[in-house]
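A lone chain, given as structure tokens: the form predicted on its own.
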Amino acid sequence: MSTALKDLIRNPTVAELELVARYAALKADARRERLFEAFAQTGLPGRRAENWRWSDFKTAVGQLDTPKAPPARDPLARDGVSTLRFTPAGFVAPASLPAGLRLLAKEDVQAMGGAEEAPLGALAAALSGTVLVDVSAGAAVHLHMVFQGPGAINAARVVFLLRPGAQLHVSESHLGGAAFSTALVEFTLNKGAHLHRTLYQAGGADEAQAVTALIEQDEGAESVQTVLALGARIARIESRLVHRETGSKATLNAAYLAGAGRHADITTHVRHGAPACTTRQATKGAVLAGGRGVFQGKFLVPRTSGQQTDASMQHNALLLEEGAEVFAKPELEILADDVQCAHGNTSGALDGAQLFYLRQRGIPLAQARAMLTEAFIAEALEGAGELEEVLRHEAQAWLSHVS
């Protein structure tokens, strides 16, 4: 690595110096250098960057020592579904793969578009090889991915190509165990392809986690994404989606539950780069004292390519106790004139009348709070299909433990 590249990070922290050392130990590659340079322009992002001012990784990520606590358990694992595992030691492929799916693990680095806009995704790509997953035209495939420690750094990159008419049901469990975990997951949906993505995230009070998804959709493609995030010392689930051709549809739903010492950030950016595309987004959150929830969502509708866009964005949060924090920034940048776009944002406490109603029927206060909170976030989990009940069970367990 050149001295000039190393010096791009101004006043590097201990963690950033460790990341530089990790990069320097890897095989030299021009594409790897470009990716690390995209990260190094900001280093670990923090308050000085507008899109990171509420999720300060530079301050939160300290010395990269293996956490004492073990990784969280995996609630999404199922019998009969092939599992890809990503650990600090590397990638582990399953013994067998479903019909219609091909997998290639490469040490070579692949180029990444828009790396400067997703610095932690660029870092994941720079520090890891690439796992390429090809879903054949017309195939219907189920796949599970697990990202977990133990270790200091867990960096991974997975690139999916969904051929015309393919259907991919992919579940992801981001379970921590490493001091710093960063994963980049990319999806290209060809004409008429369908993606169903379900993501579960849970990390420890001394862990940092970042999950970056890049999704590009062609004509008639459709994606449904459902996220349940329990946070970590700092955790960010970022999705950047582009409608590339007419008739593309996307649903981006998420729920976050942040207890004391936990930070959960849901960030999305959707570009309506073709006419007559549809986006639906619903995010629900509940936060306890000492916890922080962050929502940032943006719809970009260009003047010429974004005509006949149909898009809506909603974020609603509950502050369950004094001392809970929620920061929200929903945005619409609309340059076209033939569109239907809307957004909404609310935050507040549980309804006192509803609590009183349940208490009058003999339900203890803690149980009443848990019931109302679960009902509040349930809408955001409905798109998970067969995994909806699993996610709701995890939410129930969190609520019963903290209520």
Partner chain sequence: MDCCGGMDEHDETCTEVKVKDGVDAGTVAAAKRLESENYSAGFVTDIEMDFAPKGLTEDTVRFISAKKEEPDWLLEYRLEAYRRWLTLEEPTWARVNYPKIDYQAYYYYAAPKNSAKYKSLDEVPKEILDTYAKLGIPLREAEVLLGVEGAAETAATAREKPRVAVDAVFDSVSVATTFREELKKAGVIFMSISEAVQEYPDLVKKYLGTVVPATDNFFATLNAAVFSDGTFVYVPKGVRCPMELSTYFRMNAESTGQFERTLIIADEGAYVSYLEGCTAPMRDENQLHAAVVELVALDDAEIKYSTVQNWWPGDENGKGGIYNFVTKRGDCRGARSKISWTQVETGSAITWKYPSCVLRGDDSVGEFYSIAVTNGRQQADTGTKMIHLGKRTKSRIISKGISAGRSDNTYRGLVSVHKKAEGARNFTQCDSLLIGDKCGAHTVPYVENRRADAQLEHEATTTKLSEDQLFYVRQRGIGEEQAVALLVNGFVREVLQELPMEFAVEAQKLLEVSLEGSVG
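From a predicted model like this one, the values you see are computed outputs, not experimental measurements. Positions refer to the first chain, counted from 1.
This next part talks about the form predicted in complex with its partner chain, which is not shown.
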Residue contact check: residue 329 to its partner chain in the predicted complex, 4.5 Å heavy atom: yes
Partner proximity in the predicted complex: residue 345 to its partner chain, non-hydrogen atom cutoff 4.5 Å: yes
Touches its partner chain in the predicted complex: residue 65 (any heavy atom, 4.5 Å): no
Distance check, residue 49 to its partner chain in the predicted complex, heavy atom within 4.5 Å: no
Its partner chain: the contacting residue among 74, 116, 310, 325 in the predicted complex [heavy atom, 4.5 Å]: 325
Joint contact, 54, 321 and 340 to its partner chain in the predicted complex, by non-hydrogen atom at 4.5 Å: yes
Segment assignment from 85 to 93, 301 to 309, 141 to 149, 269 to 277: heavy atom within 4.5 Å of its partner chain in the predicted complex: 301 to 309
